[in-house]
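Coming up is one lone chain in structure tokens, specifically the form predicted alone.
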């Protein structure tokens, strides 16, 4: 069976779903690998490196040629139309935003796996692409904030006086938030963080940050859940003072498949000091910050709000390395004796399988 790795078709996507090192893994499992010429260009993986790993380079998209097509972004409708009955796709399909594509996959009887639907179970950790890419986003968010902040992050003591460290507030302490905390701390900032989950408290403190204790009921689960508007309104009231006292705010609170909760309002932004910077990692799912727009900088008074768009794509080398390993691990779960035959009674595979044999396996809102 053949696995195809295409050039990403969606605008501004610089990652790739397979690298020479994962090609070696797939070939070792008895699979053949087709790589569209130039697929690894942004990740600095040359066509020659793919061929040296044993892959074939092809001029066109592998849809209709390869039995399995792996990508970061979902295929276009046109590409999906070329897929044959029984073909398999693996990507961040984002089905709620891709209804026409889903209809084509069902009609063509394609087995489509969406990594954003992966169940949160221990066995799925090695294929958890949401977490691996969130790590990249959390790191990059701090870098983007530093690039826009007109002051130092660390403290400096000089003959001309002492410059105090910047204050950074991180909202949401999942994978992206924890990486943002760690990065800001490495750069010398004083960091505070808040998360609705009680389990995040010790993780935040272990990174040297202060955990904000708010007079609110906390969640006991490992993953955040949607909150009522009454809860969110009280939450905003309690964090407003800490937002105003911060030089940088990085918001990371997102719930897959749902609109992001609003944590920072326009009035809260206006209370921040001139020159402050806010980076909203949830901008693409509605935004944690009222003024944010994906991929754009917005000024609210003298405060700069940056709405992140596809942040992992801005670091294609390591983002691709992590994602390609996630994809290879998922393929290994469904490969035996050179055949990719997913067992849909397996909770991991069943959980992220969106379409199969002409059926939509998950109800969409």
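Numbering follows the first chain given and starts at 1. The structure displayed is predicted, hence computed values, not measured ones.
The form predicted in complex with another copy of the chain exists for this protein as well; it is not shown, and the discussion that follows is about that form.
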*Of the options 240, 199, 214, 143, which one has a non-hydrogen atom that comes within 4.5 Å of another copy of the chain in the predicted bound form?*
143
*Name the residue from 246, 114, 179, 235 that puts a heavy atom within 4.5 Å of another copy of the chain in the predicted bound form.*
179
*4.5 angstroms heavy atom contact with another copy of the chain in the predicted bound form for residue 302*: yes
*Indicate whether another copy of the chain has at least one heavy atom within 4.5 Å of a heavy atom of residue 307 in the predicted bound form.*
no
*Closest heavy atom of residue 230 to another copy of the chain in the predicted bound form, within 4.5 Å or not?*
no
*residue 44 near another copy of the chain in the predicted bound form, any heavy atom under 4.5 Å?*
yes
_Stretch in contact in the predicted bound form with another copy of the chain, which is absent here, among 30 to 38, 294 to 302, 54 to 62, 334 to 342 (heavy atoms within 4.5 Å)_ = 294 to 302
*asked:* Within 4.5 Å of another copy of the chain in the predicted bound form, counting any non-hydrogen atom, which residues from 115 to 135 show up?
replied: 125, 126, 135
